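Below you will find one chain, with nothing else, as structure tokens; this is the form predicted on its own, and questions on how it binds or moves follow later.
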Amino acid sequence: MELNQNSAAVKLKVAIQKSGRLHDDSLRLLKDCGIEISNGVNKLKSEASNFPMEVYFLRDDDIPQYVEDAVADIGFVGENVVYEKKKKTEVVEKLGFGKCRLSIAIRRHEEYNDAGFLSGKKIATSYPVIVQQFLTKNNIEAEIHEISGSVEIAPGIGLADAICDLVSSGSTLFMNGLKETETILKSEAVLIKNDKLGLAQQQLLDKLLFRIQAVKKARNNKYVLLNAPNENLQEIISLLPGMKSPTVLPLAEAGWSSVHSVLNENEFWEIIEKLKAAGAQGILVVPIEKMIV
């Protein structure tokens, strides 16, 4: 997509977490998209050297506000923050990294059968909006204590009966004598935009999204090459969904063909086992750097 002549000097202003779990993966994604960002120590603003982009390094919780106010055109941020802050922004792409869950946790020795356990209890959390929505949905009256950090310590010091916090492995909960009981939100990094983005910025965002989607498709797929006996060729081809259809080339050895295709990561091992059972040999699996369909 070509930009209008009047928008030649326009830059896409991007907000990224300045530190924390999404920072490195956000910059890595931009690099995989062919965009080079110089990010010096404690540098809060930078420019791409080979794409019309200006990057602001901000607190994760502040990114939705900056995007709503059009200080930044787009932002890389956790879904949990988007839903908690409830700013006027639009989620345009899920990015596939930073996956976690927002869960209720209670003391390890207590029994939790359903959300009714929380009735009349005190819940410590950094996400009062999302927790209140969960309680309202389940017709539960409970007291919410908003805490900005170290939520998992609250039951141990008598501040709360339960907590609601982000969980990845659950090891932090275990070390604090807690157990995860119910997930109320699954979250990952998303790309949000200002809901009144100008035409020139939208054109740049479309270019960026094209690259991001190509990188995501590549990460989720593998390029597969194998040798197939011709008598089993049709059976083997039927096992390979690919993008359209597999590429089949004759080998120097009579009665054999080389088959090339693409497999989705989620189906990979199951299909590989079926290919071997159908007589495929010399199976090579190659990572894909970019995938454009």
Ligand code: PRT
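Residue numbers here begin at 1 and follow the sequence given. Here the structure is a predicted model, which means the values were calculated and not measured.
We do not show the form predicted in complex with the ligand, though everything after this point is about it.
Interface membership of Ile272, defined by any non-hydrogen atom within 4.5 Å of the ligand in the predicted bound form, is ruled out. At least one heavy atom of Gly20 is located within 4.5 Å of the ligand in the predicted bound form. Contact check for Lys99: a heavy atom falls within 4.5 Å of the ligand in the predicted bound form. Contact annotation for Val129: none of its heavy atoms lies within 4.5 Å of the ligand in the predicted bound form. Note on the partner interface in the predicted bound form: the residue among Gln213, Thr172, Gln133, Thr183 having a heavy atom within 4.5 angstroms of the ligand is Thr172. This chain is displayed alone, yet in the predicted bound form one of Ala200, Ala142, Val167, Ala160 has a heavy atom within 4.5 Å of the ligand; that residue is Val167. The stretch in contact with the ligand in the predicted bound form, judged by heavy atoms within 4.5 Å, is 72-80, chosen from 192-200, 72-80, 87-95, 133-141. Residues of 266-287 placing a heavy atom within 4.5 Å of the ligand in the predicted bound form: none.
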